[in-house]
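Coming up is one lone chain in structure tokens, specifically the form predicted alone.
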């Protein structure tokens, strides 16, 4: 009889790619993908804990499986990823959800097959949370689900210890993959027809393989074939002039950079342990724009960090105005147990943070809309990624990350398409294909 799996993924692109690795493991074991937990023989939650709402969302959905598990006792429920890797969280999950069969962390995803086999041989829950960072496993074969895009890890873990961030505690110290293996993986993906390669790491700029990150990027850009290269995430303190030059030199590298600033206040940046000032950040932006004038810069912004005053928040608004970000992910500070910021005095009241985030979102959205309006009447090239059933249109992004929609009678997924923009709406564009 056929057996089916269903994976529920939370969080960042790193987790999306790790869910592809989970899918690869389950596929190799003979399981097939299905569209809902009700159909599945095994349900895997690949969790995120970067913010409290992500954690609560995961807990809520795990809780919703209780009745289904009571009806289908042979169904396996597994919870992995960042959430159980936190100190004492695996025990908390086991106590709160005793029907969860397997609990694993970020360092032993590659052991999932053996954990499943152990559970099938026993009635007892299987809990495995390694404390050490573990080695890089190169044997995982992901079942890629994001065609024509492909994710490629270049580093794991983080050494920065920003005071608000849980990542170093759940992802471990920074480890870099072999340059040779990364380049071979990209070559293989391009040969298979993938058109956009995104290099992943908590801080790609601190990659330390046989090559530096700019050298690695340059080598990949010299691979034959038409494809795009993106990378994330870049830490501003390590963003170098050499990297700017490589980005400017090779057309395959998208003129789109995600460069999280988090705050425009120097005192808050110091408290966050970001190790740059707002002035230093702006200097890097000026250098980048001077060399690549059309580069679209996106960012992350946090409001309500402990001790943030009205003046600190105004400094963030001022920086946003100066940079004119193409888009931004905006967040209210979320206290994470085990981080230094969680113990800081002067926690900002919720109502103050909410008022600030509304002002920030309004400013960012106005900049995004203004940028979209500059597209009207232009012809752009997008990589068609999917078909939107609700709109009845194909969709894809240009190199700057802007989403464009168009109608076609042919299947265009995986193709580069030129479209002339007829309508703009916030962050999205609508156009007609240019033959």
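Positions refer to the first chain, counted from 1. Only a predicted model underlies this, so the values are computations on that prediction, with no experimental measurement involved.
Form predicted together with a small molecule: not shown, discussed below.
> Classify residue 262 as contacting or not contacting the small molecule in the model of the complex by the rule of any non-hydrogen atom within 4.5 angstroms, answering yes or no.
Yes, residue 262 is a contact residue.
> Looking in the model of the complex, any heavy atom of residue 333 within 4.5 Å of the small molecule?
Result yes; residue 333 sits at the interface with the small molecule in the model of the complex.
> Look up in the model of the complex whether residue 302 has a non-hydrogen atom within 4.5 angstroms of the small molecule, and give yes or no.
Although the small molecule is absent here, residue 302 would touch it in the model of the complex, with heavy atoms inside 4.5 Å.
> Is residue 50 one of the residues lying within 4.5 Å of the small molecule in the model of the complex, judged by heavy atom distances?
Residue 50: contacts the small molecule in the model of the complex.
> Which pick from 165, 189, 295, 115 sits with a heavy atom within 4.5 Å of the small molecule in the model of the complex?
Flagged contact: 165.
> Which of 75-83, 138-146, 324-332, 308-316 has heavy atoms within 4.5 Å of the small molecule in the model of the complex?
Every other range fails; the passing one is 324-332.
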